[in-house]
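Before any questions on binding or motion, here is one chain by itself as structure tokens, the form predicted alone.
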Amino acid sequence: MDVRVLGVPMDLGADRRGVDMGPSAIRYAGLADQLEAIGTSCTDGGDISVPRPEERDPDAAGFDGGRAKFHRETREVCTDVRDAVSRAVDSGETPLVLGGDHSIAIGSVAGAAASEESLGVVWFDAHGDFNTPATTPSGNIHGMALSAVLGHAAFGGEGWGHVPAVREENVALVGLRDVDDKERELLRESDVAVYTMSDIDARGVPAVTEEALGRATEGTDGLHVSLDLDWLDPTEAPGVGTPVRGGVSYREAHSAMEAVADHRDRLCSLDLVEVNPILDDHNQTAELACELAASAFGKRVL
């Protein structure tokens, strides 16, 4: 497998600053060395250009019926991410997209789907990311990313994030434990498979992950995996944009990524997002991100 690393130093989609330094932190933690140690070719494609929030008005692209901060800038960045991911896939590489906040997945999913008739998605996250501009309590687009991909978050009548190749029945959200009230209603009305931390407690990570992957790969041409590091418990991953207690353990996270590796012949692309070095302890979250990437691409004990 030939992996192309793409950094997206983006924090326009979140309230808390710092995740823009995530790509640098992950690289510094030894990402390339981890991948090359398992025989995976790793080419660094550099960073996508992202505007500085201090130089922009978050509500400049305002519209009726809701709020989405830095809407115009996020759209521009995600378009660039889409094009970069699509080029990598077309050249036979597997894009590894480093965030940055989770809004960048709007672009990475679109890029992975560009050459596929159908794409399954597994979304490892503490949050639903299923708000819309009309339901969001914050206006932060990182909380609308999955909703946008599925065509629910119409930004001022523009469905720019919608990826028709991704159908709800081929999407699984794993590890949910922090959901807004209106977001909960939207998820219940959708055909997305939602596995909460209660499901993981009852059934275990291996069973839940295998079922999620089965849903995402059934009848689809490819697989996109989006891993928000806040999926893990903050004791394991303290340096994340929006930490929530009660997440998965270090070993459970590796078990899930090892299950992803079993499907790597279908894996089109992988996101690692929401690493925030400002909140981290000795870069341990970025180091963990590197380890989980290696597991997803095939690293084993034996």
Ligand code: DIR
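Numbers follow the displayed sequence, beginning with 1. The structure presented is a predicted model; accordingly, all values stated were derived computationally and were not measured.
Another form, the form predicted together with this ligand, is not on view; read the next lines as being about it.
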### in the model of the complex, Ser147 touching this ligand (heavy atom, 4.5 Å)
no
### Query
Counting only non-hydrogen atoms and a 4.5 angstroms cut-off, does His127 reach this ligand in the model of the complex?
yes
### Query
Do Asp180 and this ligand come within 4.5 Å of each other in the model of the complex, heavy atoms counted?
yes
### Query
Taking heavy atoms only, is Gly143 within 4.5 angstroms of this ligand in the model of the complex?
yes
### Query
Among 165-173, 213-221, 71-79, 135-143, which stretch has residues with heavy atoms no more than 4.5 Å from this ligand in the model of the complex?
135-143
### Message
Where, within 216-242, is there a heavy atom within 4.5 Å of this ligand in the model of the complex? Residue list please.
### Response
Asp228, Asp230, Thr242
